[in-house]
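So this first bit is one chain, no partners, the form predicted alone, shown in structure tokens.
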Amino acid sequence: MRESIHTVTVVGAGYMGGGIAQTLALAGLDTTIVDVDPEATQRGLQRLLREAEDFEDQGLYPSGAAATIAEHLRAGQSLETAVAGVDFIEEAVFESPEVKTEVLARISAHADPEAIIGTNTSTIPVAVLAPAVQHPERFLTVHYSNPAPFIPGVELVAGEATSPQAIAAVKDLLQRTGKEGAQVADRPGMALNRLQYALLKEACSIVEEQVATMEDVDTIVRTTFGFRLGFFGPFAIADQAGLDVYNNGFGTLAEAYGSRMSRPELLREAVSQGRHGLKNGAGWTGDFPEETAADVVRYRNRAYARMGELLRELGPAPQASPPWQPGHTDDAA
């Protein structure tokens, strides 16, 4: 099993796989991309090199980044030759169990037995895909988010057979490439999409119930709790607001909406133990001595003020016009 990763092949040269490959090459790793045929691979490579120059021109990449990527990124001639001899292979093909298992079987048949193999699935459990992989102890989910060059978090999922050495090597790779890994259990949707889909489902319900329009829901999310999420996760945000406040709020929501909005047991237990968050120095995310609590508040205020400055600098995002409305059909003329 590889203890350190220095050479990489990304299977799939589309926007997801290409973005991953670009990130790895920018960090100085020798990176190969490969797609369904040499022509598709070459098109993918040329697109990535043009994008890197555009990103550098826009100030999104540092000076010299495009040259670094061009130096370290190359196109493979075939999957079989591209995966041979490298330390790590990341599969980033279509999100279908059938497609992924076929590709993973080909990868594992031609990769070095010591090479680590990752899949970029966003919803499919490792347990579904692992049977296709020879030596499944070297296989795990390494789930980047789109656009991969700019989203820092990567979701990691180990299967029953995945070795600690494989996980450690991938975590080290992520750190060296400026990413932050979070390991979650092997369940459908993992953590990221269960959270993301839960928010979207409730947002749809709010629009369907005519509580708010799509536009107003988006405004509320991006200017209130979504504004905070770049700096704090939901548990840290609850600690700052007060767990007792959330506990009481769930009582109101449960009365109105029933069991789907019932008080979480994790919250009830914390409050019953006297953990109310920053306000009393004991929360979900730990204990807060007075000076630590003050530091958190100072950081929070500075972070939110800087975020506001950034949004004012960038201005509003481009909007579609006219917006789609529920219940309306888009009949062809």
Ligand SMILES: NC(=O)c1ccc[n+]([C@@H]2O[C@H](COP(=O)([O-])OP(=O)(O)OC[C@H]3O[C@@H](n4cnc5c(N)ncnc54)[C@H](O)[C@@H]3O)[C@@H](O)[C@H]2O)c1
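The first residue of the sequence shown is number 1, and the count goes up from there. Quick caveat, the model's predicted, so the values are computed rather than measured.
Below: the form predicted in complex with the ligand, not depicted.
Interface residue among 297, 307, 67, 36 relative to the ligand in the model of the complex, by the heavy atom within 4.5 Å criterion: 36.
Shown without its partner, this chain lists 215, 95, 80, 255 as candidates; in the model of the complex, only 95 has a non-hydrogen atom within 4.5 angstroms of the ligand. Contact with the ligand in the model of the complex, defined as any heavy atom within 4.5 Å, is confined among 80-88, 114-122, 231-239, 178-186 to 114-122.
In the model of the complex, the ligand sits beyond 4.5 Å of every heavy atom of residue 151.
When contacts are judged by a 4.5 Å heavy atom cut-off, residue 223 does not count as touching the ligand in the model of the complex. In the model of the complex, the ligand stays beyond 4.5 Å of every heavy atom belonging to residue 198. In the model of the complex, no heavy atom of residue 248 sits within 4.5 Å of the ligand.
Annotation for 96-120: interface residues with the ligand in the model of the complex are 99, 100, 102, 103, 106, 120 [heavy atom within 4.5 Å].
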